[in-house]
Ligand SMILES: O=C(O)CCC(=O)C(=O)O
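Next up is one chain by itself, shown in structure tokens, the form predicted on its own.
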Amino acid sequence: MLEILKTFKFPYTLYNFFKKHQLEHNIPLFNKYGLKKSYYSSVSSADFRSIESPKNIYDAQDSRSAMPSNPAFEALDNQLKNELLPWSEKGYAILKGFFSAEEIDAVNQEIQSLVDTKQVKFKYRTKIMFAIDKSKLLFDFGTNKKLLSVLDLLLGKKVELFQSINFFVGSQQRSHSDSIHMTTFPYGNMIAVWVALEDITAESGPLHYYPGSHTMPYIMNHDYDNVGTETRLGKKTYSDYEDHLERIIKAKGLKKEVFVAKKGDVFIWHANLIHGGEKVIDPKSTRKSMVFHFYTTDAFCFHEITQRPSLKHRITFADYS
């Protein structure tokens, strides 16, 4: 019965109705784009299909030539500059040793404490969601000033932390783009950060990605016949989306790369970069890592598959804007 209810839009709309304080920021955005909706309304990419989506700075310009003239870029050390320059071409940046061993050890200790005291629990078998809501240390880790300055630079605008995910083991998640889960209008106004909380091995299911895949068209519900009706969500499953994307990867001949990270390394990726988790070869291995997703402060944010607006303003620990 519950699974059937999830196929209707009404339960999500009812849930949204009681979350006004986390959704009312969308009202001026609905007005901006000429959408006749309430804060609790269902929303999807279909609502924006007739509206032009302007590109962010390094989607419109090549970062290698345009980024050096940015004062924020000039303030960075040479290692970071070299790591960020290929952003437009690759759709990702690897920041080697960005966090110190001491910072990572503190995060691991905090996560274990939250698990031991049952303040957080695993969801979808392998994920701990929104641990930043339970710990100021983890929230401060995700809003590290140096990290935020890098993200603001890459998108050319301010970002704010939306969510965190912690893993103890490899996700083994099939290839996907985060834009099907955390969608924005204009497109491309989400950015993600993955932090290695230990040395990762090839046997522990490391992160994989497809360089340059971020330049491909965004895959939305209408691209795999999952639009639905006025009252119901689309009938396709998430596996249908993954299958559709896999066919595109093969047709385009995209080349996969794997990131075998060291403790403290950071992987930043574009909203539309195709990525996932490799198969875990050694079932006894761990792959401790932490992921952060950020939205820009000026974008309309929603979840394409369930066609609901994001509860964007969750954080109460600090004002880091």
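A residue's number is simply how far along the shown sequence it sits, counting from 1. Please read these numbers as outputs of a predicted model, since none were measured by experiment.
Another form exists, predicted together with the ligand; not displayed. Remarks below refer to it.
The ligand is not drawn, but in the model of the complex it has a heavy atom within 4.5 Å of D178. The closest heavy atom approach of G276 to the ligand in the model of the complex falls within 4.5 Å.
Among residues of the shown chain, W269 is one whose heavy atoms approach the ligand to within 4.5 Å in the model of the complex.
Interface residue remark: K263 is not counted as part of the site for the ligand in the model of the complex, having no heavy atom within 4.5 Å. For the marked spot (F167, S171 and V291), a heavy atom within 4.5 Å of the ligand in the model of the complex is present in each of the three residues.
Distance criterion of 4.5 Å from any heavy atom to the ligand in the model of the complex singles out W194 from the list Y241, F99, W194, Y210. Just one listed stretch, out of 248-256, 33-41, 276-284, 53-61, contacts the ligand in the model of the complex at the 4.5 Å heavy atom level, and that stretch is 276-284.
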